[in-house]
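A lone chain, given as structure tokens: the form predicted on its own.
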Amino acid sequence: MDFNLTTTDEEENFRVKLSAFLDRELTPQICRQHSMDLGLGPEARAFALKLGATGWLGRGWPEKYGGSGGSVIDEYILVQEFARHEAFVPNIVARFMCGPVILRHGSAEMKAAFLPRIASGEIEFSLGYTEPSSGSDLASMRMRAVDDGDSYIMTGQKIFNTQSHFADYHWLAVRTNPDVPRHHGISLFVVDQRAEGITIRPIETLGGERTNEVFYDSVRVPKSRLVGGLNKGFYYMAEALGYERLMLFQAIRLVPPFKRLVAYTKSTMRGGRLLCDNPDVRRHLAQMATEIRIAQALEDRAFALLKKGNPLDHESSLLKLFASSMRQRFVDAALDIMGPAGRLEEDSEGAPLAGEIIKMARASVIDTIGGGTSEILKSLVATRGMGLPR
């Protein structure tokens, strides 16, 4: 399972250098300091700056905006190598969701203000999309921004904003025109996450990570922080979500725990024989390996389209739909293989594989919700990918 999509000597050279850097610089502590685990800590912040100094965090971006050139395949190599090392790219929301939209649609002032700092690893963003009453139906959001001269006054609430307690900026979607069809009245803004009038409250989750609800009480945001055109935010969000689904779900991330699980079955006895000799266990492992390969094929197809300059439509939705449900099937099968002991947490004596599988199981619940629920994605694949009627 040694996946590798590099197609040129230059791309392979970048992959080798990046892999060596990660081998040298990553620690278990840094690997856990991300939004879905312990949150951003000082070690991860220092690592982000060190990575930014190499120019690799800005790989694929123009040099004038702090990047180091390259192609979309270089960006793919970046996320794949981090996943291979069981880590996450620093500033991942800023780098792969907000930054690309600013690069394509932001003003010259906004590009100069934010892109170099994203590429250097200096700043992070939190997504401000979901509201208590809107869920996956982003077009139904009700939080308002009212024109007030050179600023907008924003009032309302967002929920499940996972990085807001440590992010520097809020990537905020609000309704700027309530009198037009709902998809046409939403705009995107970059808001200082610690601006006066913002309150952040924690929400603890089953997966063990912290997310947040964020309240705006007449927060003043300069018009220069509007991203792209007024009332075009919904289309920018849709564009970014497609890229998000492609960049955040790497099949290769499951390869290391899969290998550890296989090794566990080769060294653990049950009923007088090794687990690996049990036909049901072998069936589970074969299914896992097959599905990881399928997910990788879907990733490769999507990136091949991007490399040819073709836009993604349903392809990223299909990948996210399959990969997120695959991860849930993976942990279910792993727990079935390990039996009752597999439910022991990481700090419990005798926990198989140091409790990593039950931790993955709890964290996987959000997989089929975040980034677009499976129900929504099935509809997109059916209508856009298969041409079925709505």
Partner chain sequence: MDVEFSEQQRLIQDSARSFLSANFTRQLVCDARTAPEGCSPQNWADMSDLGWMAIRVPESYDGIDGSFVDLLVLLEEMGRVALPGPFFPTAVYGVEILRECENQQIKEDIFPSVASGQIKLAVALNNDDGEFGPSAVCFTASPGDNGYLLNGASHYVQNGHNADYILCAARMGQCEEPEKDIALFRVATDMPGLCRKPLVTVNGICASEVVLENVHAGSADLISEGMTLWPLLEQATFRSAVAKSAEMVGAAARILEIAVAHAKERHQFGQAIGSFQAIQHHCADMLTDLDSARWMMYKTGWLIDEGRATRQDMAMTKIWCNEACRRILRSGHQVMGGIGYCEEHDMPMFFRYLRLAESSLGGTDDHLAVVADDLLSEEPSMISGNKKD
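In this text the structure is predicted, and so the values were computed from the model without any measurement. Positions refer to the first chain, counted from 1.
Missing here is the form predicted in complex with its partner chain; even so, the following discussion is about that form.
The stretch from 297-305, 103-111, 265-273, 150-158 that comes within 4.5 Å of its partner chain in the predicted complex, counting heavy atoms only, is 265-273. Every residue in the set Gln328, Ile366 and Ile376 has a non-hydrogen atom no more than 4.5 Å from its partner chain in the predicted complex.
Comment: its partner chain is not present in this chain, but in the predicted complex one of Ala323, Ala44, Ile358, Leu51 has a heavy atom within 4.5 Å of it, namely Ile358. A single residue from the set Glu196, Asp277, Glu204, Asp313 has any heavy atom within 4.5 angstroms of its partner chain in the predicted complex; that residue is Glu204. Remark: Ser133 counts among the residues lining its partner chain in the predicted complex, judged by a heavy atom distance of 4.5 Å or less. For Asp137, a non-hydrogen atom is located within 4.5 Å of its partner chain in the predicted complex, even though that partner is not displayed.
Within 4.5 Å of any heavy atom of its partner chain in the predicted complex lies no heavy atom of Glu63. When its partner chain is considered in the predicted complex, Glu209 lines it closely, a heavy atom lying within 4.5 Å. In sequence order, Gly339, Pro340, Arg343, Leu344, Glu345, Asp347, Ser348, Glu349, Ile358, Ala361, Arg362, Ala363, Val365 are the residues of 339-365 having a heavy atom within 4.5 Å of its partner chain in the predicted complex; the partner itself is omitted from this view.
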